[in-house]
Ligand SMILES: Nc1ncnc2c1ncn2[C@@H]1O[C@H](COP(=O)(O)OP(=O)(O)O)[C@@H](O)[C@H]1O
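A single chain comes next, written as structure tokens; it is the form predicted on its own.
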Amino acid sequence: MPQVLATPTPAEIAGALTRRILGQEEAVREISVALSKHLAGLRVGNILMIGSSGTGKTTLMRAVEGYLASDPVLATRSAVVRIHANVLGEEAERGRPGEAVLGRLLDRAREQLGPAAPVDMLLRRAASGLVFVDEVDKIRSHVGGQANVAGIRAQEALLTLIENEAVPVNLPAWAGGGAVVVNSADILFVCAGAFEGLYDAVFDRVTIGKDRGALQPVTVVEGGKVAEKLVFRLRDWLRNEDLFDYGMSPQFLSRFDAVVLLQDLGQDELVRIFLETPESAFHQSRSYFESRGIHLAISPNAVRRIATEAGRQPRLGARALKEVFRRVIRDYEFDPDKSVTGGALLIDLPEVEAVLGKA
């Protein structure tokens, strides 16, 4: 009887991912379920993630990579690669889109299993890999009313990889060269993109377009006053037809079992990202000061003011935090001993206001 390998549950995977991904519970849950199934050797539906810049798409991909790499057992269960969608278009023009993905998976499998691993074993690992395709919105079939030939080719190339069980691949020299056919049916694809303009297009459809009047104002109380306000959430109104109009073909979209919309980040999420995620600008700056023997601290009011300023750029998400904090901290980093008292540097609200101005 074949040995059944222990597989982490979706809840266990989600618990690990949420240490780095904040405010995106739905996306984390969807990825966690898919990854648990994938590690168990089961067929899994592909996932399309849609979210504004800075909402955590790439960070989620990196978190999955880090999660798998941190466990010696899991690290050898699935080869993981990330690839930009435009690369698929470029490789499609050369007539070898399969090699852009499978070649990288094969290289990754060799890194995991070692150069002495048999080629057949490496090919099996590559054929059950996990592929993150970033900026998939860049391969739309039309831009500005004009056909985007490169995007069309890239969609077709990715579609071929997703649905094809016989992908021709030329092996690299280290694998002996020659051509082989790889069954790609067990590869899990997670594609992500910002889909700039999609939000506005759907909003226009339900307010001034063909579905005019569908979005009705709601009564809200702001500042002690009652007012009517349009509350629009893309997830409530997005249809497949909107993605078709954007330039993603029906055949392409039909290969994704789940379309996940990432949430725009509110102030509370931005505060947590700033303080809790290891790769935040605050923690990077704190490490810099620690290397100089200085302890960097920042008050809650100062953090909330930085988050408020970043929130004024909702389309940048967490990336806005880095830009805003950079403005606050750059002079201190240039002269690390400036304003240091007893080996500590405290950034309080007045220091932040002096740079950003009054809210």
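Remember, predicted model here, so these are calculated numbers, not experimental data. Position 1 is the first residue in the sequence shown; the rest follow in order.
Just so it is clear, the following notes concern the form predicted in complex with this ligand, a form of the same protein that is not shown.
- 59 is the sole member of 308, 46, 36, 59 with a non-hydrogen atom within 4.5 Å of this ligand in the model of the complex.
- Interface residue among 277, 86, 112, 141 relative to this ligand in the model of the complex, by the heavy atom within 4.5 Å criterion: 277.
- Only one of 288 to 296, 36 to 44, 325 to 333, 51 to 59 lies within 4.5 Å of this ligand in the model of the complex by heavy atoms, and it is 51 to 59.
- Among residues of the shown chain, residue 265 is one whose heavy atoms approach this ligand to within 4.5 Å in the model of the complex.
- Although the partner is absent from this view, residue 273 contacts this ligand in the model of the complex, with a non-hydrogen atom inside 4.5 angstroms.
- The closest non-hydrogen atom of residue 318 lies within 4.5 Å of this ligand in the model of the complex.
- In the model of the complex, none of the heavy atoms of residue 345 sits within 4.5 Å of a heavy atom of this ligand.
- For the partner-free chain shown, 20, 21, 22, 24, 52, 53 of 14 to 53 come within 4.5 angstroms of this ligand in the model of the complex, judged by any non-hydrogen atom.
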